[in-house]
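A single chain, nothing else alongside it, follows as structure tokens in the form predicted alone.
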């Protein structure tokens, strides 16, 4: 199905990123948001033009993308359908069961509506954090109900294709259980760890390394936004957190016993750590298959403009593809460590080339 005009309602991170991705593919995009400042910024970023209901400009919309918090999806859908804003409708909220249930209660037309959810995001929010490539290669869940019209589903599939994502069809119930495990509960867990830092000593914070930054990165997201997400998926998230809490309680008991001289307590801790490794190894790799084992080349890099570009230029010159990169800054010093993940067979070639060009490779 061809999408010529798309209405995006809600110009936050996901809505504006969707608009930017569509604009890049030549789709006409109309923007709407109760926050006039957000619409203005999204428009200035090139995400589209402001939607004015009831005008000739607003006619002929193929698909409306509802990018509002989960609790507001059904109400927004009902209002948009009431005025006939578009032929078909979808939403991009990270919870699916509750919005669909509420839409039924309100009497929404479920034939023209197909719920969806792009599994992408950032710890930052708002249109200023939007990126046109946010969804590139990412899974995008598609949750059609029994009432969904095949044309409505085709329209949403085309949206996903235009945004560069990979469609994954799943029921709303299975979706909510899945994101509780891979997204929602981990966010709460990260917040619980980060909360310990609020009262940490300056000495502890001065010793903070990349590990604590990795574990707590997502804890910096908007609490109000996440309260809405967690409220809409409360049951499945609670189940996951209860299981995590049991593991942590058992680990704490074992560590307490170990501190008191019980050497056998290490067995329980070891088992949890091994289970963690097994779970980590199941996370898909960058192309969706099994995660690859890469070699890591560490390079000392100055905190100056152009350093990363120079580093990647060396990789290009010797034909080494960088599968992933991570930067770790040295506190108090104008330098850091760039960790380049490459295929194991390419590590020696890259290391030698970097040495020859004067880079410090520990």
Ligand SMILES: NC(=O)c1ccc[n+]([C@@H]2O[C@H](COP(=O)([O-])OP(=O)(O)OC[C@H]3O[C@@H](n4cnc5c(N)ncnc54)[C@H](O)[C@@H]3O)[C@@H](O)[C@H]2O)c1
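Just so we're clear, the structure is a prediction, and the values are computed from it rather than from any experiment. Numbering follows the first chain given and starts at 1.
Although it is not shown, the form predicted together with this ligand is what the next lines describe.
Placing this ligand onto this chain after superposition of the site C-alphas, with its pose taken in the predicted complex, gives no ligand atom within 2.4 angstroms of any backbone or C-beta atom; the site is classed as open. Note that among 256-264, 106-114, 145-153, 68-76, the stretch whose heavy atoms approach this ligand to within 4.5 Å in the predicted complex is 68-76.
Proximity to this ligand in the predicted complex holds for all of 9, 14 and 92, with the criterion being a heavy atom within 4.5 Å. Taking a 4.5 Å heavy atom cutoff to this ligand in the predicted complex, the contact residue among 229, 85, 180, 165 is 229.
Out of the listed residues 158, 102, 131, 122, 122 is the one that sits within 4.5 Å of this ligand in the predicted complex by at least one heavy atom. For the chain shown alone, residue 62 is not a contact residue for this ligand in the predicted complex, no non-hydrogen atom being within 4.5 angstroms. Residue contact with this ligand in the predicted complex: residue 188 places no heavy atom within 4.5 Å of it. Not displayed here, this ligand is approached by residue 35 to within 4.5 Å at the level of heavy atoms in the predicted complex. In the predicted complex, this ligand stays beyond 4.5 Å of every heavy atom belonging to residue 97.
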